[in-house]
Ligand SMILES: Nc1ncnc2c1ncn2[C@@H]1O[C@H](COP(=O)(O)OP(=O)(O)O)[C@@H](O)[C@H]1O
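One chain comes next, on its own, written out as structure tokens in the form predicted on its own.
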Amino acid sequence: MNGLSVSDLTVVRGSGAGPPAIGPISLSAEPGKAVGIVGETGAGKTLTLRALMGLLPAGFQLGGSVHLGNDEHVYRTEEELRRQLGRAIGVVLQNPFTAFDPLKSVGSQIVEGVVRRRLTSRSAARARAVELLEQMGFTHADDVMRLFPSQLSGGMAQRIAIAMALMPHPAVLLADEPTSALDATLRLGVLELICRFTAATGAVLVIISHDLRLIGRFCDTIVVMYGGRVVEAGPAKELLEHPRHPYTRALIACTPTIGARGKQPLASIPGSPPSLFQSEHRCRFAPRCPLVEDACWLEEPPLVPLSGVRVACPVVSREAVHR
């Protein structure tokens, strides 16, 4: 299919004995759509994104398959995915300044990737860079091209990093907490830019965040992760309006709001997230779950369809059937 298709993606440590640290994860998105991956720190979001980039830490192995855009090839190894960085895969990092060489001008770095990969000529790359910067809100793009990274504000750096990631017309844009380094006045604007550009070019946006409501505003599909597993996934509107999994409900309850509800004490989830490398075959949320039963400690629940979403909680599934 066009867009993005991920089948049974796993990340295992060492020889692969025991349960995987991440997955299995399966998801798909049509061109121009956005997928949000949410969860607490330590849920496995960034490791999942690194798996899609083919940039796992040493000692980890990739499993499953990835299909990108119109390419008929199915990618199954890190090396294959790494070759697509700067081609079919664009990346926007959490800290935009890590994307730049401090000793080179912004303009030279924006065009360098596509020119070195022989995707276009230098003159055509420069013209596209200027066009992207203008669309990112820079009224004097030629002047911006001459700047060095030390002369950029956080908002400028993030917009330029987005332009750099979009230079090769990627089929998939991976964004790791792209607004966490920005102040509140810039976050919405930057996300709107990313979503507008991916929708216009037909690229699939995969964005990770801990902010469930922010993701829900911009994404078509939400994937909720906990302890390296997907616990709930489905259309953003349905998932936010009718959260099924107790962890999803807890995340929403922990999100600050404006209005009368915002004046009440903010809820919290007791306990701590589990290690991604625990070997127990059980529900990972069981120690913190208000719905926990004896069976939850005996096996890891699979994702099952439930009213338009997929949920990994047998208690919730059983209650839905008996209503």
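Sequential numbering from 1, following the sequence displayed. These figures come from a predicted structure and were not determined experimentally.
Not on display, but discussed next: the form predicted in complex with the named molecule.
Contact annotation: the named molecule lies within 4.5 Å of heavy atoms from the stretch 39-47 in the predicted complex, the single such stretch among 66-74, 39-47, 290-298, 23-31.
Using a 4.5 Å cutoff between non-hydrogen atoms, L52 does not count as a contact of the named molecule in the predicted complex. Among heavy atoms of L62, none comes within 4.5 Å of the named molecule in the predicted complex.
Within 4.5 Å of any heavy atom of the named molecule in the predicted complex lies no heavy atom of P256. When contacts are judged by a 4.5 Å heavy atom cut-off, P57 counts as touching the named molecule in the predicted complex. Residues of 272-303 lying near the named molecule in the predicted complex, listed in sequence order, are L276, F277, the criterion being any heavy atom within 4.5 Å.
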